[in-house]
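Each of two forms of one protein chain follows alone as structure tokens, named structure 1 and structure 2.
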Structure 1
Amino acid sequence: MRIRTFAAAVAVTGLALAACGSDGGGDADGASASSGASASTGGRANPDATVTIGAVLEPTSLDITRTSGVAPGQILLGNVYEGLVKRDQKGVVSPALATSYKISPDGRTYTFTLADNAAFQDGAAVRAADVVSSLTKVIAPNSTNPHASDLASISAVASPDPHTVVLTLKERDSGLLFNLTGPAGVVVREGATGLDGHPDGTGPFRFDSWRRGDSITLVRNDAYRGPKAKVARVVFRYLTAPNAQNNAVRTGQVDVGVISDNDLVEAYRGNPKFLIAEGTTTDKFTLAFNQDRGPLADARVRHAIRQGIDKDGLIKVLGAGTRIGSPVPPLDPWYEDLTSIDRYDPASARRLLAQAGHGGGLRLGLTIPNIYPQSIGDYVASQLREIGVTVDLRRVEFPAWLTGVYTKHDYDLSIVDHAEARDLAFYVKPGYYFGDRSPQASDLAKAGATAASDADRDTALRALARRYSEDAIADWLLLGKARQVARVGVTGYPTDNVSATYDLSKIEVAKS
């Protein structure tokens, strides 16, 4: 019987830290910082401080059990809510409400031991029954939790005693622990209602207030069982317009802000009052091909389009980003550099189109939600024009994209940011708006999910990603980069994957 406890997991975290430099360290991975930052204020922190963070995407609801997307999780995961396990900004899993777990040899039974001093915000202890009811609700047949598919492998949740929770799986699931760190895995009080207005969790922060359209305020949970947060209040201010965000940073209305526009970021370089921190994301800007109809059913056309777009040029236009050749970001264990497949080669692209019978030109529709920078669609359209593909650009509202493209599959080309972490298996789902519907692909996805070891999992998923790329089910234009500008004196803010989780536990403000 294989027993894995969190002692091992913590050691792995430590290694990751040593290898990757700062994690959630706040300040700047060496490569990206314009000037060095201290990882902490060195004991001069002000415990009564309020930190204001400029964010972009405001949640539509704080009821994390019925809201899709990453916005509620960004502020609540790990800060207000906890799951049995949590992940750091680089995706490494570590303990949270559970102190240890055992996995049975067949990988189908997970036994979690709960922390005995965990409590909700009014002081009520977390019981195994709360965990059971939370997870049972997610996997119920009539579940309306949009993240339910994350836990689809669980068949039963039970608690043999008040400190133990047992998950029984339909089959092995190598992604289960990671998925339990996400919004599907949060533990809410049994019978809790009104979670939109009053998120009630067990984390180092308590929810204080939400001024819709403006800001969400969290305050330190002084009764937290672990290390206490280092600031008294955190305010997330939502500033959608890049200019408003920039002005708020510049005038000190926010301490840390997200600034993606290149010109705006450059203006801070060399300014001793500010630090620029760059981090990676899981934002995969994906040019999806509709293989079910028209010319894109022909693999030659899909390859031609991939070869006709110079991704480095797009990254230059946007000012930041990383080239990826598949939906796997470099931080995932099964990452492999696939950028050499379908390299930029307009001559070859034109040849492929001619072979496919489109030498005289081709006309395709491109649907893009209007929340993304206009330059992405314009760039792709102008690149494709060079190889003889005329693009009819349609910018639509996101709900219209959801209905037209995602649900009805009424499109030729579509660009969307697939922001979810570790979403490789999405693209073999039957009925997904694009993907690889071959049995080989779903076998690989299944082999990855049910792998008995990490090595087996990585091998299968690496092969799956390669297959996606070689079959050209889509083109991955770039992986987004998150750029934050912070006032000097604020440290410990996370830099990586900040749109899915934003770990506030290490943020400090120097005494002024």
Structure 2
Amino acid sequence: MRIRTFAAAVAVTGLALAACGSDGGGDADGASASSGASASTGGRANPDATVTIGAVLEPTSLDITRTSGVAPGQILLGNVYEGLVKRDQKGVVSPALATSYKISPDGRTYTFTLADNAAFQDGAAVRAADVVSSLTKVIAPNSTNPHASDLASISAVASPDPHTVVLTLKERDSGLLFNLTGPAGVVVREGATGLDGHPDGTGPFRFDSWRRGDSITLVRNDAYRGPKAKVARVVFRYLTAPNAQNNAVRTGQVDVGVISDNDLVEAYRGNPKFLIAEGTTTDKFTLAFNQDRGPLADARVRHAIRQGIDKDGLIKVLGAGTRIGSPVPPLDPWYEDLTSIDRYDPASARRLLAQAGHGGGLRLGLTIPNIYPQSIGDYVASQLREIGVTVDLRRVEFPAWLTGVYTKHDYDLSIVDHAEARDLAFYVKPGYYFGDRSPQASDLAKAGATAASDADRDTALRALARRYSEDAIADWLLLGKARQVARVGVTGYPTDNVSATYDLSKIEVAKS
């Protein structure tokens, strides 16, 4: 499942991790750092430092192979666990546990050469058998991995020798390498158990402890084959209330923190003790429509709802965000500005509702996880009231949202942050909680996945995104903006696209 499982940060960034970087160290006025900044402490870093990060939503499990949502992967992926390949903030794929790979001319065979010195936390060498076991479990018919669809194109995994892994595909898959960088592609030891409470990976950090309801601690893996992490310990401390986050940052209880109130963030500007960092994200705050019951099966009702919500007004209320008009953020190669579709037009919205037989009014439920700012749901309900739609707003804990909305499809409208990059084809997945049921959409998704070139892929997926918007399968309220606050002296944090992966290895803390 590609849904962000944590609260919106600083007007809808949604960061579960409080992240910060600076552009060459920032200035003394707490000015915003540039996107992607990763400052160095200039040789004055403290390798024994502990960094405490104010996080929002605690994972329900640390078993990345069985747990939905991006929260476990955000903490563990690339830090504790690795795959054959990895990706950077911009989505560029490079080798990880594999030192190199080759793709056959027909695009159906991928051959990976494994690193000689990769090891698990206890020093046991990573074997080809571990890779084969990990990926075979994902693609098995009875797979319990919630990300199994990412690797659905793989028909077989084999190791012709101890240093080689070969993936055979059913058909060409233009997204396979990218998907292998996600949770579906992590390599765990063959026969490993107990991953819920004790992850065992190969990355630059080792899992240390989990105080449920309070914090998760990672420590540097000094046996890591690559560059060593620059701090000894990272603690993720869970603080769900915005005021609690703000107080923790102000008082130094956490070194970096996420604060969901824009006014609170702006209060740090000009304070020489703190930096504000900004970056872009793939956080698509999505208003889902349940097309399988009631009036939302009628496209006119869905278009009316989209036209009845002023997204610019919502962004102003929240203090940050960008209109996108589709589920594709600008970071994805097939992005197209579709904000002209279903522009804000309350008069047209009322006419569409009347044409659909709801001129006298309509009542719908709206379910939203309580990890998001209350103002998002209140704003949408207020806007829809103006066009004759009465909204029964229901705020629930995120696990309840997963059960009721995502799994049981028991909802009319729902708002959630879809955080993962390149998740466009997910909306044609059978049984998904919302999506485009048309054969044409499935054909476009398949054309994108099996394209022989990036240009052909981008053309197909651009057309798919347009179809989603023109069919009003959902509404995309805004794209979140990453804004975080950290104390001066803590540097090295990524600032872009930090929802699903968050590289901790470059964090530095200046010596006092």
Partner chain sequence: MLGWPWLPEWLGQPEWLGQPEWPERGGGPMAVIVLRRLGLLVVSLFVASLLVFALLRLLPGDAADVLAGTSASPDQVLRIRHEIGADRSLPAQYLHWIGGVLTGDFGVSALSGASVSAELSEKLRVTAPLVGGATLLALAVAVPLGILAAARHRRASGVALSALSQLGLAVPAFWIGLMLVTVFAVDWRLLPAGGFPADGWADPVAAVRALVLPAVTLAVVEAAVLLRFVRSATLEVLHADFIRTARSKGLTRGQALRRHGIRNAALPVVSMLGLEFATLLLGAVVVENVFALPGLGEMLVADIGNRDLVKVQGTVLLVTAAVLVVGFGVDLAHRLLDPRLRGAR
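Everything quoted here is computed from the prediction, not taken from an experiment. Residue 1 is the first residue of structure 1, and the numbers go on in sequence order from there. Take the two forms, superpose them, and find the largest set of C-alpha atoms that agree within 1.5 Å; that set is the rigid core.
Here the chain appears twice, and structure 1 is the form predicted together with the partner chain. Annotated hinge between the two structures: E278, selected from H358, E278, K408, A455 as the site between the two rigid parts.
The chain behaves as two rigid units between the two structures, and the smaller unit swings by 12° against the larger after C-alpha superposition. At P430, the distance the Cα travels between the two structures is 3.5 Å after the core is superposed.
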